[in-house]
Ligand SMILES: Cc1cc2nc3c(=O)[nH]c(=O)nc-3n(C[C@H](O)[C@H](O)[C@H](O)COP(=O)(O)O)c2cc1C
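Okay, here we've got a single chain as structure tokens, the form predicted alone, with questions on binding and movement later.
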């Protein structure tokens, strides 16, 4: 289903809150979304724009798995299969995302949010960005962009990403910033795959989509997106970008970043702007969850049976991974630690637990830490390795960090007290009260 269809669906189910009072795109909408997360909210009356805004749409694994009609435990194998069995989406001539073609570019008419009081400007944070290289083809990715005029943004293009390589190689690149997308497209845009893979084929394998040729650039874009901002990004032309809230909920620094010049805006009739709060639950789940299948596969490749992975919100859905295994040998815990770091190189701390531990319950994980872990035998320290640029404690400029793996599994041979969790009798309390 398309983004609009999904919004209508959760509205009919009574899951969507609506705000009819006039609200501002500057600080007010973001404040309401944060206060009420993870409840989705539709703002029908935006002070600075004729367009509506919706946010908090895909904040949890439960919501995303419900969208696909599966359980949270099914998401990792489903995404792994989609990466391996990619399929080309259907190309159409006419699409909802091009129902309206604006005659002039004026970004001030769009409800691009000003999220926090120290931000450098209005920011797009929910856009799936599509680019193309003559040799590698299309690429799908997430890139934030700070508006600084009626037709220009400073776009944060992280060095090493495929888009950066395209831009460095070609000097300028045609782009389409697509806003208002469903989880298959959002998750595909956040996956880490080899250069040359068109992530729209992953999105199509997760759930069939249609694509259309963009109005003014040579790109295929999601046909049911709410907004599409088309134009070019220039490698040598730079503008200050930042400050902005990062995934870790801390303030990122100001950098000189490439300029994105918007040359055409298309959108649906009565288009709805999709907001995504930086550093909040939706940002975390969409960024971290696509890394879980790579960890899952790498751990299994070590010969250890991996059952589930949770790149947890407490670790900013990026720096911590909790990995559940079916332990068969005493070395399985440390093997799983190595597999996890190989599957997600930005990970800083890894926690390996047994199959009786609920990896989505922080208290259960902490309990296994308290009762099953000994630092002198179950801890792996990897000193000074490249980590994540998102980690404020990493070495500035180099992102070098100390990585630690914690084997929180119980020993296979018990020499002292039992490690089993004792269960109380199951009763139907309704009989008694």
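Residue numbers count along the first chain shown, from 1. It should be emphasised that the depicted structure is a prediction, and the values quoted were computed from it without experimental measurement.
Absent from the display: the form predicted in complex with this ligand. The rest refers to it.
Remark: residue 156 counts among the residues lining this ligand in the predicted bound form, judged by a heavy atom distance of 4.5 Å or less.
With a 4.5 Å cutoff on heavy atoms, residue 360 does not count as touching this ligand in the predicted bound form; it lies far away.
This ligand in the predicted bound form is not approached by residue 339, whose heavy atoms all lie more than 4.5 angstroms from it. In the predicted bound form, this ligand lies within 4.5 Å of some heavy atom of residue 140. Residue 162 is the only one of 162, 268, 115, 344 with a heavy atom lying within 4.5 Å of this ligand in the predicted bound form. A single residue from the set 211, 259, 276, 167 has any heavy atom within 4.5 angstroms of this ligand in the predicted bound form; that residue is 276. Only one of 321-329, 98-106, 167-175, 191-199 lies within 4.5 Å of this ligand in the predicted bound form by heavy atoms, and it is 191-199. Candidate site formed by 283, 287 and 291: every one of these residues places a non-hydrogen atom within 4.5 angstroms of this ligand in the predicted bound form.
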